[in-house]
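This document opens with one chain alone, in structure tokens, the form predicted on its own.
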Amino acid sequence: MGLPPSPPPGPAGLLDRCAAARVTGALRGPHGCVYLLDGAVTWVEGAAAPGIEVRLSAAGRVPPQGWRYAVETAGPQRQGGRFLVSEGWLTQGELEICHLAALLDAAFFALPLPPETTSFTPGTGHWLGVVRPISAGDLQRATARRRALLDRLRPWAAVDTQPVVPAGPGAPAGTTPRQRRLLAHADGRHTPCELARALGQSAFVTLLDIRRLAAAGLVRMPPGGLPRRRPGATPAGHPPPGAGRGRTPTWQPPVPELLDTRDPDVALLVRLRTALEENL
């Protein structure tokens, strides 16, 4: 499955118009579904992104029966998230963090919503209920920032929809724990999004990591997918000739880290994410 195109500049899109009209219901597009309450986004489903149930089940926090009970007891008030908290499966803080992470991940694939292929069902809500609404503007800006990060590695986009094949055994020093985990599970049969679902992690971050690994020569590019390189240029992720003599070479990712921790809000989310990863 390819990535949806970036929205062209111009008049307000469908999501903006629905937000301005403060509509409540579900917008179903070709790549996912956006749930709205009074114009605010309460949930997003993306076909390529693992849902919150996949993430928390993979982390061992909520067993499959917990999700079944939550769906069954959500009722017309759609209070599945409240049920998970009341039963002790999650704390409210954990629910909100995981909800936001899954929502942003799905939005990356679901947006933009093309008007000609998007339907609207008024009054429809998601069984999880309203956890922490986000404005349409904030959601689209966050998605644009993520798309810009991925676009920096556009020459390696050919790996997005192909089975991930490591270039060699093991992982060199300098790769992140998440990248080492991806390399360990890459078997030449599963695409990045399939690996994300199997591991219960962000599909966007998985795409970003796989492109970074391909740029560093640690993941094989599909036939005909290698980016053109100027004669004598240094491959991305590799030191120039003669650099680091007398030292053990350490691989460095070819682009900056995903999150700018100079932003206080981002720094807080990073600390929360780190705390969750250490305890999951």
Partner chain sequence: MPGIDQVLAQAMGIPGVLGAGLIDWTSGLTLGTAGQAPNGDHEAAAADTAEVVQAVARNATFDTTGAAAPALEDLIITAAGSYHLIRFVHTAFDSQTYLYLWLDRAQANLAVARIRLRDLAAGLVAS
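Positions refer to the first chain, counted from 1. Source: prediction; values computed, not measured.
Below, we turn to the form predicted in complex with its partner chain, even though it does not appear here.
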- Look at the stretches 160-168, 132-140, 118-126, 185-193 and give the one with heavy atoms within 4.5 Å of its partner chain in the predicted bound form. 132-140
- Message: On the criterion of a non-hydrogen atom at 4.5 angstroms or closer, are R55, Q92 and A101 all touching its partner chain in the predicted bound form?
- Response: yes
- Query: How about T175: is it within 4.5 Å of its partner chain in the predicted bound form, going by heavy atoms?
  - Reply: yes
- Is G200 close enough to touch its partner chain in the predicted bound form, meaning at least one heavy atom pair within 4.5 Å? yes
- Message: Does any part of R146 reach within 4.5 Å of its partner chain in the predicted bound form? Heavy atoms only, please.
- Response: yes
- Message: Using a 4.5 angstroms cut-off on non-hydrogen atoms, would E72 count as touching its partner chain in the predicted bound form?
- Response: no
- Counting only non-hydrogen atoms and a 4.5 Å cut-off, give the residues of 14-49 close to its partner chain in the predicted bound form. none
